[in-house]
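This document starts with one chain, in the form predicted alone, laid out as structure tokens.
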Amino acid sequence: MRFLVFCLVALGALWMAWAQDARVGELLPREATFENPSGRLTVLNADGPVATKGHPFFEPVGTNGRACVTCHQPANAMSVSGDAIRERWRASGGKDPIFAAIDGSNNPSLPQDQEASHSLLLKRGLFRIALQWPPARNAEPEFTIEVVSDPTGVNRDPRWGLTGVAHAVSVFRRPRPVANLKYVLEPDSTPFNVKLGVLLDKDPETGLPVSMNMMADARAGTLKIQAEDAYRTHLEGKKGLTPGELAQITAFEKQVYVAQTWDRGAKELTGGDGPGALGPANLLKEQAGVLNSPAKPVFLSFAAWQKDTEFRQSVARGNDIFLNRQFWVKNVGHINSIGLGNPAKRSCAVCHNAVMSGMDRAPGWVDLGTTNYPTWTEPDVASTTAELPVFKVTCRAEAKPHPFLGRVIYTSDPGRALITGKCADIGAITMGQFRGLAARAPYFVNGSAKTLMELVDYYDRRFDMRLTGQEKQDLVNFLGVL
């Protein structure tokens, strides 16, 4: 057994080195397993082994040495973790392509050889996302933006800033996992955003509705659009991706699945008569687009663990809290503002309602309050310790105000509103999937929760859930095995 564990650790280390270097001539096996702080994660390629030589997901195709895999690491559930990023800085002396000035630093104008210039990536796993202002799809937005605090200097930079050459708002966000995408991309059963009563965006090639759940601000509806945008921005590509390269990238992304398969407390997660939602093989097997119900709960049944080991019982209790523990949800844009009442008594699974992923079946952008004052996860506006920018957003007199925050809002990331220009969307962020959480800390779009316990603590405070210490630990144990 010790020899097996040693081999798995060694394989994970070798794989991590390969993925970071984007070396060619390797074969990505059908299954590969990697160590993380909670146990082990397995990456499953449904289409079989992938030849990486010449593959545009694994080889640099832009101008800054990056490939898609630079920021979507197999060992980190096809995202990145803060620990892995810090190790890459140490190992490369800051020369790893992940630290490219364009978005791997706080501000491209800063000296790039200093850790302080990359502090948001190193501390929180955040990349700079520069978005055109006003947005292309709404040249006359319902609000104005003022930069109140700019600790990185980028939003007031004469080249990169809001009033500079770029005319861009820079926010800082975590990269989402490029895995389990059949659950992310499956649109709702109607062509409408059922929350807002507006049409979903359409795939420009097929004319069919798209889920709008892929990105934090839902700005890209298809994998091709996202890949082309990432090529131009994150990879600083100049020539454009060829149709063949786009086809290779999207085909790989659609067939890769990730999930925990072994946990230090629960041990083996996928054997015997255990929970049917755990492990990537079950993600491959199950149907996408299913809504939470008593017959088929979000992560299926943990009944087999209710009388198992102490840790497995804790996981089962955490799943029960997630599904059934009701609390008062209040002042959440696109939840309490769409006719459900404010407050409304709900459980976690009412919003995180998509079976197997924990996302929202409808387009899942909501203003939970993580980026908007006063419920945000950051220090006070005037704090000298603030790391993220602060914007003052003022809704125009003729516009409908934000449903709970009125016309003047302080935010570290306006979220979906930077795309739509609508006051009601300020701070709205699309829910992410729950899979592989143990391998890709920190959490929330702004990387403000270093651990799953900090994530649970935020919800407990935000909604006055009054969870006991044991209930919090049960939720953490449950989330950690997914």
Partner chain sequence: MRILLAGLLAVSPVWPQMAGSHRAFVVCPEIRDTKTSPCWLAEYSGETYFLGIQGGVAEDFYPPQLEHQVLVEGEVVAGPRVCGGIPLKPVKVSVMQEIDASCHTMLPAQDGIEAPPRVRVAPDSWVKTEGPGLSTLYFDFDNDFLSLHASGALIQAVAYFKKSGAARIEVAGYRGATLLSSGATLTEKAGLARVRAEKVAETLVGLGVPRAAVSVQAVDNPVPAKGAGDAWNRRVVVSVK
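These numbers were taken from a predicted model, which means no experiment stands behind them. Residue numbers count along the first chain shown, from 1.
There is another form of the same protein, the form predicted in complex with the partner chain; it is not shown, and what comes next is about it.
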Exercise for the section: Tell me, please, which stretch of 323-331, 101-109, 162-170, 211-219 lies within 4.5 angstroms of the partner chain in the predicted complex when heavy atoms are compared? Expected result: 323-331
Problem - Close approach of Lys296 to the partner chain in the predicted complex, 4.5 Å, heavy atom - result: no
Handout entry: Asn342, heavy atom within 4.5 angstroms of the partner chain in the predicted complex
Key = yes
Handout entry: Contact flag, Lys400 vs the partner chain in the predicted complex, heavy atom cut 4.5 Å
Key = yes
Practice task
Answer for Ala303 alone: is it within 4.5 Å of the partner chain in the predicted complex, judged on heavy atom distances?
Solution key: no
Handout entry: Listed residue (Gly406, Pro374, Pro204, Gly244) with a non-hydrogen atom within 4.5 angstroms of the partner chain in the predicted complex
Key = Gly406
Practice task
Sort through Gly271, Gly93, Pro191, Pro158 and report the residue having a heavy atom within 4.5 Å of the partner chain in the predicted complex.
Solution key: Pro191
Practice task
Would you mind checking 301-321 for residues with a heavy atom within 4.5 Å of the partner chain in the predicted complex?
Solution key: none
